[in-house]
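Next comes just one chain, in structure tokens: the form predicted alone.
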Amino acid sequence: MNRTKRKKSDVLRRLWKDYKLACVATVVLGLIILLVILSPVIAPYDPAAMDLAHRLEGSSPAHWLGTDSQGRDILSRLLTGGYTALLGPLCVVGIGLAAGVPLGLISGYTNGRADNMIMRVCDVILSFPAMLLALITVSIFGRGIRNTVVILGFFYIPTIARMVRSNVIVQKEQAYVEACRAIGFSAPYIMVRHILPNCFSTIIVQATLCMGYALLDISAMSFLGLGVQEPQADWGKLLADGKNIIMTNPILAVSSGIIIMITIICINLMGEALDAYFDPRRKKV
């Protein structure tokens, strides 16, 4: 038992020594997620409740971050707005992984007509600016966080598929794949049971990095009025609301901008640390 505890403490000590920034980022991100989860309990006011008699108030004991142009408590809206700001990117990346991983496996392993067709479609999608296409598509199919998440998730599929394909091409030339073929295992069995587990580390790193980009994209869509709609709160929507009153009451724009920036930085630091941890060429000794 003591030996197990000693090993765990050694692992934690080495992680802190090699990845201090990533450890701090993980703690900060965990704190943000915890506050968002507990927002129904700790939010001092109803985030949608308007009080025009107290609109555009500054910081006070009653409203720590003041109120917006509708008299709504900024702190409460900032906490509850984290639901869509954090859950949205998770769904976007989930859609990208659900379709991109199988496509990348098939493309990399078959290396034939299916590979050419999948990659050409990915090239066509990647040849256009993703945000521009997302703006056009959301404008056609309607505003709202659901449409935004689905459309952005679609544009993350080619990136993930190409990443998985490159890993599969390397893995399928390994000796263990040749042994599986010699035994008589089918191609789907080899891809799912043997090749895919060896790609997990790269997939995890890519998914973590995509989370930061997805958060920025969803916030941008909400900022432009195509994502979250009133009275629902979102960090990008709060930033857009604060833009109009930034000269008279900058707290709304500054607070929402800072929380977006901190969250994205924490996610990117975690992604960089995971990349360094899983990549033997960058792993610290």
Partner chain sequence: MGKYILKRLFSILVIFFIASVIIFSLVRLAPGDVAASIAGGGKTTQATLEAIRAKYHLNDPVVVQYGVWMKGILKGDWGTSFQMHTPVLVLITSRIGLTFQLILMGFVIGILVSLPLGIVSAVKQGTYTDHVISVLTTITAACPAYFIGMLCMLLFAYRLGWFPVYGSGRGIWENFYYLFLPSLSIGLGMVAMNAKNLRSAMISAHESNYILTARAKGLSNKRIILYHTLKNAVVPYLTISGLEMASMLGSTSIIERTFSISGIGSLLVDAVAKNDYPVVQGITLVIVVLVLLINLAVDVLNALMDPRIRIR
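Residue numbers count along the first chain shown, from 1. Predicted model only: the values in this text are computed from it and were never measured.
The following text describes the form predicted together with its partner chain, which does not appear among the structures shown.
Peer 1: So which of Ile37, Leu29, Ile246, Leu56 gets a non-hydrogen atom within 4.5 Å of its partner chain in the model of the complex?
Peer 2: Here the answer is residue option Ile246.
Peer 1: I need to confirm a contact call. Of Ile140, Ala182, Met117, Ala98, which residue comes within 4.5 Å of its partner chain in the model of the complex, counting heavy atoms only?
Peer 2: Only one listed residue qualifies here, and that residue is Ile140.
Peer 1: Would Tyr189 count as a contact of its partner chain in the model of the complex, using a 4.5 angstroms cut-off between non-hydrogen atoms?
Peer 2: Close contact is absent here: in the model of the complex, Tyr189 is far from its partner chain, nothing within 4.5 Å, heavy atoms only.
Peer 1: Report whether the minimum heavy atom distance between Val170 and its partner chain in the model of the complex is within 4.5 Å.
Peer 2: No - in the model of the complex, heavy atoms of Val170 and its partner chain never come within 4.5 Å of each other.
Peer 1: Ser219: heavy atom within 4.5 Å of its partner chain in the model of the complex?
Peer 2: Residue-level check for Ser219: yes, a contact with its partner chain.
Peer 1: Would you check, heavy atoms only and a 4.5 Å threshold, whether Pro129 touches its partner chain in the model of the complex?
Peer 2: Yes, Pro129 is a contact residue.
Peer 1: Taking Leu226, Met261 and Leu269 together, does each of them reach its partner chain in the model of the complex with some heavy atom inside 4.5 Å?
Peer 2: Answer is yes for this spot.
Peer 1: If we take heavy atoms and a 4.5 Å cut-off, which stretch out of 253-261, 43-51, 64-72, 29-37 is in contact with its partner chain in the model of the complex?
Peer 2: Looking at the other structure, the answer is 253-261.
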